[in-house]
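Okay, so here's just one chain, in structure tokens, the form predicted alone.
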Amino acid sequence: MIYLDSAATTLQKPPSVRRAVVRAMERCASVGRGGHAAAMAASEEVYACRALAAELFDAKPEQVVFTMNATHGLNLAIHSLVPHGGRVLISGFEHNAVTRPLYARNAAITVAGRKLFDREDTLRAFQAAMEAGDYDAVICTQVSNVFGYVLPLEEIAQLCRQRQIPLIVDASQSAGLLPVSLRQSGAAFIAMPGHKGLYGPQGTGLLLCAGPGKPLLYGGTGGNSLLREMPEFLPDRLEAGTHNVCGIAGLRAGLEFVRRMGPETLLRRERQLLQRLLPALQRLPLRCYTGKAQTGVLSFVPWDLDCEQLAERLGEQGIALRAGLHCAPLAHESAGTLEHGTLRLSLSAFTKAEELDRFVNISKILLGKKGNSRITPCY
């Protein structure tokens, strides 16, 4: 199979990730549940991952909270900062992991920055919105999961600091590729999954916390058992129950891979592959959505074929892409693709140039004709 769906999950992992998971299954028990060797091994493994994440994302180890995924982390962040009926400013490219928790809290949502690949417009829209109203929080994705659009997060974070508005960052598509810093951004929370650009297993994630936050789950933490409430201190306050020790061990190995390779190197390679691919796509009957501020994620729409149909036909040929709205209808509404969705191609450290060549050759056959692609540059 040629796997081109890494924006959903990086299927190919470094071999060290698999080995770490198996090793943890064989030797680790539960964190804080005893002083025996297996419990201590679990504690050491989990802390080592926490410390490594803190190093990579410019935080203190105790500010790193383990979650099930980025959705879990974003729910924790929103629950902590947004009261029922609160006012929130978000970008026009947010995932349902942001919008659905806000709808559930009956939040008053202002959407700013809806021009695809136009960082200046996005920044102007955020600035105007902040000048016009007061907000309980600002929430912004660093990279659109649909289009790979890199939003001007650093500048938006500066606006939030100037106005003392708490910022929640969705780093689902940026962690492992772009700089992510809890300290420099001044963000209240930064959420990220373990199973995408960090090359860890599914069921893992990180929430970087500038403050203690409000728990979503209540239960044991391995200590302070006489307390009737959750501890006030991090990370225990937000980590009720038994840790996913095996997943965290795999995540640690994924983080080590990212540190060894270097996020800037991984991003540069993805962009080089995408630039190599685009000229070939220009000769196919497709509309591609691309711009300067883009990671290795590309959405496109066939001229005369339904996105789901093309994805199914590619799948029959052993090529894995995702079609549809990608859990981000707001992004499609902003880009004008809500009616039909897109086919999304997304790369990873393990994508090979020859795999992209095969994808293009098979697409030529399936689309059945040649012609100039309708490229939507939006520069």
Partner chain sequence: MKYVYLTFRSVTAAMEARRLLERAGLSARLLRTPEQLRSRGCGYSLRLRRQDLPEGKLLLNQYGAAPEKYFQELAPGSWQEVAP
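It should be emphasised that the depicted structure is a prediction, and the values quoted were computed from it without experimental measurement. Numbering follows the first chain given and starts at 1.
One more form of this protein should be noted, the form predicted in complex with its partner chain, which is absent from this view; the next part is about it.
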Interface check vs its partner chain in the model of the complex: of A132, A104, L217, L227, the one with a heavy atom inside 4.5 Å is L227
Taking its partner chain in the model of the complex as the reference, which of E44, E354, E316, E26 has a non-hydrogen atom within 4.5 Å?
E44
State yes or no: in the model of the complex, is some non-hydrogen atom of E62 no more than 4.5 angstroms from a non-hydrogen atom of its partner chain?
yes
With a cut-off of 4.5 Å between heavy atoms, is H326 one of the residues that contacts its partner chain in the model of the complex?
no
R50 near its partner chain in the model of the complex, any heavy atom under 4.5 Å?
yes
Can you work out whether G35 and its partner chain are in contact in the model of the complex, taking contact to mean some heavy atom pair no more than 4.5 Å apart?
yes
Segment assignment from 36-44, 307-315, 330-338, 346-354: heavy atom within 4.5 Å of its partner chain in the model of the complex:
36-44
